[in-house]
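First, one chain by itself in structure tokens, the form predicted on its own.
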């Protein structure tokens, strides 16, 4: 669907439907909604007075104009209480409108005002960005492997701004929102794909194609190159798979920033995780196609960073591996050596994500990064602690932790900090190696982060455990349909623009 921007009066704009809004508790609509109400002869006011529409958040009412406006339909979207209204509410209201109209048979093209940019007093550009994000994310459909394809739905949305002075801000905000939302959809596409389609080589190939289109530098290391580098902890996980592991490097370095210390983003890219020899239960194993959600978020974020041409150097890496059991697979009790010479004892082959990230975190030290953030679907326990509301945050640097928390609140991809006390190392001490890859269930979320920290050298670092966030079994707000969420993309783009 195309999102356009136009200057004009929403009441006079020709489309299949126009979208306006109303705060909860308002009895006399004002602004653009008031103008449309006046054009309709007070129909919105009468709707409020009847008690049939209160303006409650995410509620809608569809009115027919009978020729009194250029559009035959008017959709009123509830914004909720004015004192609680923010950019997240703009995103949600826009998503609700898009989903309702996509199910309205006679609507293919609609026009909308920018929620929040009028009486609410929110920043015009930021509100326009949130509108574009919510609209695009709400209408996402995963690739279909069916003979009968789902109908496309809506063709276009036009954002109508009355003020000529605000038009440039609306246009820039919509453009940024579209870029970020499309990147979220890229991550959703990758996570949604079946594992027989998206194996490590295919994941790296798609990322390289994106990089060529966007203008990023891309490099892919195969297993021979990784073996020469001594990345034997990562390669151990790949031993049981017929599909070769890949190590992907994407770089955004705009003119004037080529030599600066980069922000590095590292993603766990397990394209399918059987658990290896420590085999997972079969009933829910299908979900493990989403075990590359960290890599998907990094690839999506790098796409947006490149398209927006953010004025800083950013490098994204993804360790892409399939974890399978066969006669060559690595085993519990194996001891493996990584590229820094550090050793790890394998307790569980199902704790493989931290192993591939161990060599990834060692590799990125060569870039002398200003900061490194890794994202991984690492532990089920983080979802027990936080549910599907926030990702887990672990950091060895207070400034980086603060920047991530702020980026999460602004973007909507929220985080919550976990402890990193040195005592968590005790459970992963090994009798024969430097560390072991599992310390048991007690404190396992933090001890897994301490395992990763062991392989970081000389840079500020944060680990995001996003295991509960990359997939949803039900719609999670109108902007997040059932399935892959694309969590992490907006967070990383926000971070890259802030530090």
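Positions refer to the first chain, counted from 1. Everything quoted here is computed from the prediction, not taken from an experiment.
Beyond what is shown, the protein has a form predicted together with a small molecule; the following relates to that form.
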With a 4.5 Å heavy atom cut-off, would you call residue 348 a contact of the small molecule in the predicted bound form? yes
Residue-level contact is defined here as any heavy atom of the residue lying within 4.5 Å of the small molecule in the predicted bound form; does residue 352 satisfy this criterion? yes
Check: Quick one: is residue 291 in contact with the small molecule in the predicted bound form, heavy atoms, 4.5 Å cut-off?
Finding: yes
Check residue 273 for me: does it contact the small molecule in the predicted bound form (non-hydrogen atoms, 4.5 angstroms)? yes
TL;DR on 242-250, 194-202, 408-416, 371-379: the one with heavy atoms within 4.5 Å of the small molecule in the predicted bound form is 371-379
Partner-free chain; cross-checking the small molecule in the predicted bound form, the single residue of 65, 438, 446, 456 with a heavy atom within 4.5 Å is 438
Students should find that, of 462, 48, 35, 467, the residue having a non-hydrogen atom no more than 4.5 angstroms from the small molecule in the predicted bound form is 467
